[in-house]
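As a starting point, one isolated chain is supplied in structure tokens, in the form predicted on its own.
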């Protein structure tokens, strides 16, 4: 078939009418435009467009940055399971995991470009690197892993029927697939360090005893906990987005046994992580905090935002509960309970990043100080929503024009009853 005769939509699948797709993309683009307008205001007028202050130098953006990086961890961990650990069954979902990771990491870099206030000087990070800063290591690994995700995304893009009809692109796609295990291994290596270093930044804050942790050699425990939580909850986010895509398209896209396998592995990762997190919290409450002259409850306020409930929600409701559901066969086989567990796990890792960014700044360090409250400006909210709108657009385009789900044709025959 000539390239001009090849269809845009992969053969053997059914997609919504063009007008519906245009309306859907248009709505997401409108939200994206709102966020871009706020971003331009911030770059044009400066960071005074935000409600950040001396207490909150890191605020909503950095929470969103750490959250999307953790949720994008499904890409590196699913790639590790598929290509390194030989879980070939997960090939049915690895494409979607890579796309989700690509979205999360590209938006993480955009958030950082907004946060530095002068994006034209972003190259200073690399050319004038502070070799003693963990944030420098984060910037290097984050950029390199984003490049890896782009490389992993390219062969999927080349599988579009229009592009596959061209021999050079067809062979390029095939050859890139053959060496994808190398990039998966590289991604795991890079992700381990940048995920860990993001946690390490909090752990070495001597002046913020709520975040400060003891360490193993040169690394505080938060270094390992951040990587562990991303590997545990990132796949849950992949499962959640896949489920949402199935509901929106009204199709089955991945076999249930694939989702259950990923959920089972994620459940055991989550259980071991939350046990380690509990041990870390107990040691901090009984040893670290008292050694600095604080009691545990000094770090939890009576105000609704930072009460003790947030610790219970993170460890019990969004930690042990979803972990126990996911490691139980009956829990995974029940669609409602599995999705409940997945949603709770995603919320749990977002709470963890919220606590390690915002509560750290809110806690008073002197007896004559009070808790510092923070409300983001509309510009901060608008720019934080950019990843959601951008993600919807990229996922929609990928689903429509690329063979993202290898099992879709089998589960939804075009001539069958599936919509």
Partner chain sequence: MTQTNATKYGMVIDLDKCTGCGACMVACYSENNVPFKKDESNKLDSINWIRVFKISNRKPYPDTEVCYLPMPCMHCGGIGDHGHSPCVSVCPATATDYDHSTGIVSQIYTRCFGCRYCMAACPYHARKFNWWDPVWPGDMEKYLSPNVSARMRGVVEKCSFCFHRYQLAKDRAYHEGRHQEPLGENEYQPACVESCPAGAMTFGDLNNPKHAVYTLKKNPHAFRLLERLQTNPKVYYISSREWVRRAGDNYLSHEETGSIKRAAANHH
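Here the structure is a predicted model, which means the values were calculated and not measured. In this text, rigid core is short for the largest set of C-alphas that superpose within 1.5 Å between two forms. Residue numbers count along the first chain shown, from 1.
Another form, the form predicted together with the partner chain, is not on view; read the next lines as being about it.
- Checked against the partner chain in the model of the complex, the residues 294, 337, 300, 320 give one hit for a heavy atom within 4.5 Å, which is 294.
- Of the listed positions (55, 385, 29, 36), a single one reaches within 4.5 angstroms of the partner chain by any non-hydrogen atom in the model of the complex, namely 55.
- Remark: residue 116 counts among the residues lining the partner chain in the model of the complex, judged by a heavy atom distance of 4.5 Å or less.
- Taking the partner from elsewhere, residue 324 is found to have every heavy atom lying beyond 4.5 Å of the partner chain in the model of the complex.
- Taking non-hydrogen atoms only, residue 208 approaches the partner chain to within 4.5 angstroms in the model of the complex.
- Although the partner is absent here, residue 358 is not a contact residue: none of its heavy atoms lies within 4.5 angstroms of the partner chain in the model of the complex.
- In plain terms, the part of the chain that comes close to the partner chain in the model of the complex, with a heavy atom within 4.5 Å, is 123 to 131 out of 235 to 243, 123 to 131, 326 to 334, 96 to 104.
- Looking at 342 to 372, the residues that come within 4.5 Å of the partner chain in the model of the complex, counting any heavy atom, are 361, 365, 366, 367, 368, 369, 372.
- Core-superposed comparison between the shown form and the other one: the CA of residue 335 stays below a 2 Å shift.
- Relative to the superposed rigid core, the position of the CA of residue 175 differs between the shown form and the other one by less than 2 Å.
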